[in-house]
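The form predicted alone is given below as one chain in structure tokens.
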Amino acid sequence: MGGTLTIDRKQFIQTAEAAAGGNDVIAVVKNNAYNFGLEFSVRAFLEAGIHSFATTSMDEALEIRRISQEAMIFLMNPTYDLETVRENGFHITLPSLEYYHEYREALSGISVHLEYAGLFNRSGFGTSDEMIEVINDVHALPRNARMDVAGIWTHFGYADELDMEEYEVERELWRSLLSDVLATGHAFDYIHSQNSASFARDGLFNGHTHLRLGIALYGSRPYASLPAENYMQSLTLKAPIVQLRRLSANQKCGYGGSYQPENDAKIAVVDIGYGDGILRKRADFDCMINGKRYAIKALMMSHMIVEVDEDVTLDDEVIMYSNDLRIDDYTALGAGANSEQLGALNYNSLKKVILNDTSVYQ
């Protein structure tokens, strides 16, 4: 027994198509495609009409290339294995003027995307002058010695925060920088800055070629006020009940006696726990059994305690996530970010089931 993670492939593809909104998209598939499975997700995205992918991992980039010889694959982390990049036709971030000068000759023939640090300050150039210096230097080189300055990008670290003004600041800083760089006359094939939240707020920016979407492609709203029907969740997580027990008001259960009922109670011992990826903050909220919500009372490594009533039987299943128990709803309640809840899921202990799978790769 144990928890079962079910993904409806047909719904997954429809959700990705809806999230893209007819625009060209670079799908963020880092960290095993938000834990949906890299191969599953890439093949489904290809079917949805998405042919560009971004990851932070060279191993994942190589796996994507195995799946698709034609895909544009963008490595968002600074990369130093430039021979592998060249052999596989990967695009890479150019994170700084210092990186460019150090690897100037080795970058010949490689496609790079100039990265702007902005307010997020994870990595990237600090000014347009530095980017323009690189562009001018590249154009001064013989053609056979040049890297291909194929793209320019940034990441908005505040787009999800509706009550903060920083998003408007970082957005305008980016637009100003982009205007300065484009004034050089250099033509970029890829201009991408917008994550799911920025796209939901502003639509595709003028002059941008691509969205770079993550969480919306996987069926989670970047913020809770958006209509849920526009972000259908293809994922369901459920687990069986392994035992029903009666506790009196003076009895405790769970690690350290973490739960003691106020009155005599009936509890369900459920075969899922934090070892399977259930966050402790998620366990502060309810689950669902037969369409009815019940309070989770204790979380252990392999089990969970739910206080139930006489309607619950040993044959019932306990739902942790579904379209009625949405990941993004629990994000709004404080259980953890959408990506945090997805990233915690343990694919080594959970059984995975793909519905409506007509693919031939498995």
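Please read these numbers as outputs of a predicted model, since none were measured by experiment. One rule holds for the numbers: they count along the sequence shown, beginning at 1.
If you look for the form predicted in complex with a small molecule, you will not find it shown, but the lines that follow are about it.
The small molecule in the predicted complex is approached by Leu213, whose closest heavy atom lies within 4.5 angstroms of it.
Taking the partner from the other structure, the small molecule in the predicted complex has no heavy atom within 4.5 Å of any heavy atom of Tyr330.
By the criterion of a heavy atom within 4.5 Å, Lys30 is counted among the residues contacting the small molecule in the predicted complex. In the predicted complex, Asn195 approaches the small molecule with a heavy atom inside 4.5 Å.
Considering the small molecule in the predicted complex, the lone stretch of 281-289, 130-138, 213-221, 229-237 in range is 213-221 [heavy atom distance within 4.5 Å].
In summary, among the residues Val181, Ile73, Met76, Val85, the only one with a non-hydrogen atom within 4.5 Å of the small molecule in the predicted complex is Met76.
This chain appears without its partner; in the predicted complex, the one residue of Phe125, Tyr100, Trp153, Phe90 with a heavy atom within 4.5 Å of the small molecule is Trp153.
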